[in-house]
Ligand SMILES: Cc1cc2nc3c(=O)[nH]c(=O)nc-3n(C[C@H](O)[C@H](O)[C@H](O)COP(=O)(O)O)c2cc1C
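Let's start with one chain on its own, the form predicted on its own, as structure tokens.
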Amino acid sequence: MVVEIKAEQVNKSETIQSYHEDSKHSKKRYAPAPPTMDWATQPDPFRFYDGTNKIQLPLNADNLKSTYDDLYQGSHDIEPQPLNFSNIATLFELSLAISAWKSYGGDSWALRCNPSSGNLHPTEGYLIVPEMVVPDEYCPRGSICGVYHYVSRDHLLEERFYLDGERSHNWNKNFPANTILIGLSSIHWREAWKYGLRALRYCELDTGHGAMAFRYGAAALGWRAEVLTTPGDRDIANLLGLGLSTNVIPEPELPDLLIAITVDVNSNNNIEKSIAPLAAIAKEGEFKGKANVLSQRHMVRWEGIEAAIHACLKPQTSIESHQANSTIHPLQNRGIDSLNAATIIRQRRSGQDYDGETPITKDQFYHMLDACMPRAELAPWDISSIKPAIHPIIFVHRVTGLQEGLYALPRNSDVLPSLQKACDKEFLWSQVDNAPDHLPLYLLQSGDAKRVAKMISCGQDIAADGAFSLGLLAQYGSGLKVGAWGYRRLFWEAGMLGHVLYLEAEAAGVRGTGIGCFLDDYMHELLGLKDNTFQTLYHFTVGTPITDSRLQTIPPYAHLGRG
């Protein structure tokens, strides 16, 4: 089939590829960033809509009995909870809510279930829901119906768009039974304030983190969660009450994706077809509330980010087929049945420093990698219908029973020949013989990789002091063939992988850390890559953390007098 490429598509592709090159860190210079940290203008980490009805959510996650291992056997093994207001509150508590506060020297800051670059949290969450009964103690009206913005600081919903009467009837009929929608958006200024031009990358990674956080939360409730592939950004913006114009400078909030949440894990409910009608209803409605200003002044305008955002806006597209070449082997039981899923989800932290000594076992290592392999019908990877395009390149430092060196884990068997062809001809590509048979782990080069891992990660010790670190290599060239908007989707998948590794590290009794600062092309040189067929998008490290005893931990909602 011959696909006609229009001039506008070419220009958008060129724009996004220019952005990617300009936002790379290199040996000679870092990507453009603010000259100093202007702490007086640090963005508010919480978005509010003044003038909206507030609906407090209960804190129920402590009541969940699902184990962490249950999540990977699929929601099929967990008794589905009713899709009601109380359990939707739990879904948000396990995805975007505050998990703890840290305090030191009179300063305090919130940690959340979803990780974020620099703890800046550009991701906003929305609930799109048909008419649903709500206890009077939470909502005097007795029901919700419409679009609601989630405020993690207070664990509440802000009512942005409410429907009743005939309008609610037209709205409700577009929702299949036992189905709701979650919307995610990004405020790029939150990241650009600190990281400058590279901020768009971090925002899209955080969207992936947020989406996978919802998948784990839904799995703990016995529900299914899937990112929708057809909606265009314009419909999502209309549905969430957001503008698409990048002229709303300097704090625009722009749409990312929609997630369908359903109780029936075997359902194919065609919610994709409902998005345009729902967006049309929302567009004609009145959204309540005025968004708070995050920074009182802005010292730098990042026109490169604005141009890239405009270039990679997604149009409405056709439904994409389900994953090919997904792993058919169920994830092996790891003997951690006693670990409560909600506990692991809420204790996720980013390691700040590693001890540089303690290894993990090869079985722990293999389980972490196995959790990253796609399983189209099982959580967490049933969240996506897209063929995997992100593949870990791993620096093994301290894994008992496994030699140090550089390894590759192609998550899609189709990519192996092109990856081997693109990489250094001297690489071994020796399949690790003591790994599980279904795990495609290849040794590329043996030897101490700590020094080069640290250098690639902008000289950060954490890349060398853990048990292993990795770079997530994207099928960049083919990923952009769908359009420039495919750029964002590659980062989403990388962020999803990062979130899986975060939780896997917690379950293994260690800690993970995302690394956004790395020398892109130095990594490519190490691998022998000569063109843009593959590009590294996100780095990560796992190890035994050094605990900072000076920090005080405060319960997540103690400031509200709640648990």
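Numbers follow the displayed sequence, beginning with 1. Everything numeric in this text was worked out from a predicted model, so none of it was measured.
Heads up, the form predicted in complex with the named molecule isn't pictured, but that's what we're talking about next.
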If we test each of 340, 174, 116, 81 for a heavy atom within 4.5 Å of the named molecule in the predicted bound form, the one that passes is 116
Checking 397, 149, 224, 209 against the named molecule in the predicted bound form, the residue with a non-hydrogen atom inside 4.5 angstroms turns out to be 209
Review point. Hey, in the predicted bound form, is residue 71 touching the named molecule, heavy atoms inside 4.5 Å?
Key: no
Does the 4.5 Å heavy atom contact test between residue 462 and the named molecule in the predicted bound form come out positive? yes
| Using 4.5 Å between non-hydrogen atoms, is residue 112 touching the named molecule in the predicted bound form? | yes
Is residue 349 close to the named molecule in the predicted bound form, meaning a heavy atom pair under 4.5 Å apart or at it?
yes
Counting only non-hydrogen atoms, the one stretch of 28-36, 47-55, 528-536, 510-518 within 4.5 angstroms of the named molecule in the predicted bound form is 510-518
